[in-house]
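Just one chain is shown here, as structure tokens, and it is the form predicted on its own.
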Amino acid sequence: MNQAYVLIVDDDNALLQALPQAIYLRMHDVKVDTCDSALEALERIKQNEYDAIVSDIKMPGMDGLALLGKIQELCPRTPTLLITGHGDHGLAIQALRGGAYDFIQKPIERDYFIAALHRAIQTHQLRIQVAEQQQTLELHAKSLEQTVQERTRELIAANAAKDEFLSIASHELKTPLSSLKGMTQLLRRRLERAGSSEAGSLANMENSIRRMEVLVNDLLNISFIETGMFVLHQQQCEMGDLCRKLVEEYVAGTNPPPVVHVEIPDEPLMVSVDVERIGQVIINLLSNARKYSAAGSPIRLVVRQDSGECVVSVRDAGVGISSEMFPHIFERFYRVPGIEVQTGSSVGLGLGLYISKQIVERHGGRIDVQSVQDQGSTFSITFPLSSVAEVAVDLPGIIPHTQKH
């Protein structure tokens, strides 16, 4: 404990001599000031910080209770012990209610007085330590807050630079890829007509270019989403017809062609969607179902109405996903660990489901997953059905729906 500094206030000169002597005999490293009036005490308190103040209650002029009130205003964390006469219990209670740390009754019992004073000194020094530590913590918290703000600004700037880079890079890559793909297809057709064996190599090159296109398109979509340039061009669409055409397109363009069973209701299900974007979502779900299923394993696409909503689900019998991974599978760049691609290419950046979720939610819909490990997964996208008034606007463009698969 640091050197203690004590002030004793009493109009009794005998006590002003006896109490400091008792303190010096029983306590070490203590400095004691004395004064015989409350007014003089106030001047001392303004000049010094005491660890404890001992004052008689009954003094001429300003008494001890009035002095206590002033002490509470000037130095509220300094403990004050008040000396009361024998039997003045009412004054003692009044003192405690006024903020006194303790009271000492006359005649003063020296050991009790020293013990009470020692506790008061310890209390004050602990209060100082707590206040200093609190100030240190507040300064540290402020420093941390400033650091966090600086790092946040840096991350925002870095993220903006990353998005700008992805946007520029994907745009710059898309044009030469399209040209390369067109020239490769033209050359392959010429070689096929000429009966050249080199046509097969060009077909492999086309597949590689197609995989690169998938990556570039994913980067472009991410760029559009992050920069707020993702625009939907919605129109009335019969979901059953759209899904049937998408499945035909997907099967025809996949080698070897997958087995896809389609179930479409007899009644038309009209929705307002961006056909190209929703097509992108459904093709992605079909591709994932094939990718994580054994070769030749059937895929099932079902279109149905449920409680005034249109639901499109894609089910596979593949490797499945453990339930603890569900919260993460729609995150950017996330790929489920420990799951190997079963069929087709493993190319991808882990963006397909994230982009699909963004597209579906921007249509006011939702995307859900149900899966059991080693038994397969079902991904479902749900949209609100169009009202009769909405359908009437685009009625001339509706293709009659009669086919059920």
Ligand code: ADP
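Small disclaimer: the values here were computed from a predicted structure and weren't measured. Note that residue numbering begins at 1 and tracks the sequence as displayed.
The same protein also has a form predicted together with this ligand, omitted here; what follows describes it.
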| query | finding |
| --- | --- |
| Residues 271, 360 and 380 all lining this ligand in the predicted bound form, heavy atom within 4.5 Å | no |
| Residue 321, heavy atom within 4.5 angstroms of this ligand in the predicted bound form | yes |
| 4.5 Å heavy atom contact, residue 339 to this ligand in the predicted bound form | yes |
| Heavy atom of residue 288 within 4.5 Å of this ligand in the predicted bound form | yes |
| Proximity of residue 221 to this ligand in the predicted bound form, heavy atoms at 4.5 Å | no |
| The single option of 351, 67, 59, 45 touching this ligand in the predicted bound form, heavy atom within 4.5 Å | 351 |
| In the predicted bound form, the one of 335, 300, 119, 127 near this ligand [non-hydrogen atom within 4.5 angstroms] | 335 |
| Among 46 to 54, 372 to 380, 26 to 34, 59 to 67, the region lying within 4.5 Å of this ligand in the predicted bound form by heavy atom distance | 372 to 380 |
